[in-house]
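Starting off, we have a lone chain in the form predicted alone, written out as structure tokens.
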Amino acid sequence: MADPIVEVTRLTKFFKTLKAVDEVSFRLEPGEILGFLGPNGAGKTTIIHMLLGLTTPTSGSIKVFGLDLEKHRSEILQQANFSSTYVSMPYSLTVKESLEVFAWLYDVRRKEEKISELLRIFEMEGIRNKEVRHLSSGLITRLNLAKALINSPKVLFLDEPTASLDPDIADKTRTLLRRIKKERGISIIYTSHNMKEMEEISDRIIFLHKGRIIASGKPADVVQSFRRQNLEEVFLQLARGEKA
């Protein structure tokens, strides 16, 4: 078996007296899309922030590409990227200028070629010279996703990346993510409140509740283990505190 892309062991995070993440352990395998599910406050975003080195764990360990994140953060993040509906882009820059800044930060080769490719993929060629301040929330989400692919990452951390997209662009985005996973072997950790989306895109899911993993496996297997019809029913059961 190939070495995992991400390996997390007994990861724990306290915010004062609140235990936001409670001894969570998991692996992200090469070429896998791993979905994180759970109600608000379950610990999903906190885990992603720790995987990016933005939040320091209280205890536990994180390895990415077999390297300790704390010791090799810069090296790891050169091969990783992140997108979230809740992260703003510089308002005074144009779409193209925003991508140019991130291409420079990641020392991307053939910057213009890469930017043109991403503008085409996300259907933003006609707004390349439009300032971010004048974009809709859906277009900003698309720009954020384009930024996340600027360095051809080996691992992507996506926090509700399609939340502001219309159904057509959201569907195209999922198709794109599946394609780059297949073509480039990219590994993805993905959070969403769209249960149908998670069933469609995830190879494996982890259900979090109050900072702990309470179920994991292939979506169909998790649904079966809770004796429900789909992930949405499982989510509602957990969010309402009902027993399996």
Partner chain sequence: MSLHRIIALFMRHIYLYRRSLPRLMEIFYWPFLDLLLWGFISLYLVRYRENLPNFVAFLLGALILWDILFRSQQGISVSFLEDIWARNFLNIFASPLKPLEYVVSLMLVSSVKIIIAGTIMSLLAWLLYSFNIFLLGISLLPFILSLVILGWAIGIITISLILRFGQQAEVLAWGLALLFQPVSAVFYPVSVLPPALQAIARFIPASYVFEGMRGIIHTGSFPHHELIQSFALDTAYIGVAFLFFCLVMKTVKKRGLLAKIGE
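Residue numbers count along the first chain shown, from 1. Here the structure is a predicted model, which is why all the values come from computation and not from measurement.
One more form of this protein should be noted, the form predicted together with its partner chain, which is absent from this view; the next part is about it.
A.B. asks: Exactly one of 127, 77, 169, 163 has a non-hydrogen atom within 4.5 Å of its partner chain in the model of the complex; which residue is it?
C.D. replies: It is 77.
A.B. asks: Only one of 73, 96, 154, 111 comes within 4.5 Å of its partner chain in the model of the complex by heavy atoms, so just point that one out.
C.D. replies: For this set of options, the contacting one is 73.
A.B. asks: Look at the stretches 232 to 240, 20 to 28, 216 to 224, 7 to 15 and give the one with heavy atoms within 4.5 Å of its partner chain in the model of the complex.
C.D. replies: Flagged stretch: 7 to 15.
A.B. asks: Whether residue 122 contacts its partner chain in the model of the complex should be assessed with a 4.5 Å heavy atom distance threshold; does it?
C.D. replies: Contact check for residue 122: no, nothing within 4.5 Å of its partner chain in the model of the complex.
A.B. asks: Would you please decide whether residue 49 lies within 4.5 angstroms of its partner chain in the model of the complex, comparing each non-hydrogen atom pair?
C.D. replies: The answer is yes: residue 49 has a heavy atom within 4.5 Å of its partner chain.
A.B. asks: Looking at the partner-bound form in the model of the complex, is residue 56 within 4.5 Å of its partner chain by any heavy atom?
C.D. replies: Result yes; residue 56 sits at the interface with its partner chain in the model of the complex.
A.B. asks: Residue 173: heavy atom within 4.5 Å of its partner chain in the model of the complex?
C.D. replies: Although its partner chain is absent here, residue 173 would stay clear of it in the model of the complex, with no heavy atoms inside 4.5 Å.
A.B. asks: May I ask you to list the residues of 166 to 184 that have any heavy atom within 4.5 angstroms of its partner chain in the model of the complex, in sequence order?
C.D. replies: The stretch 166 to 184, when checked against its partner chain in the model of the complex, contributes no residue at the 4.5 Å heavy-atom cut-off.
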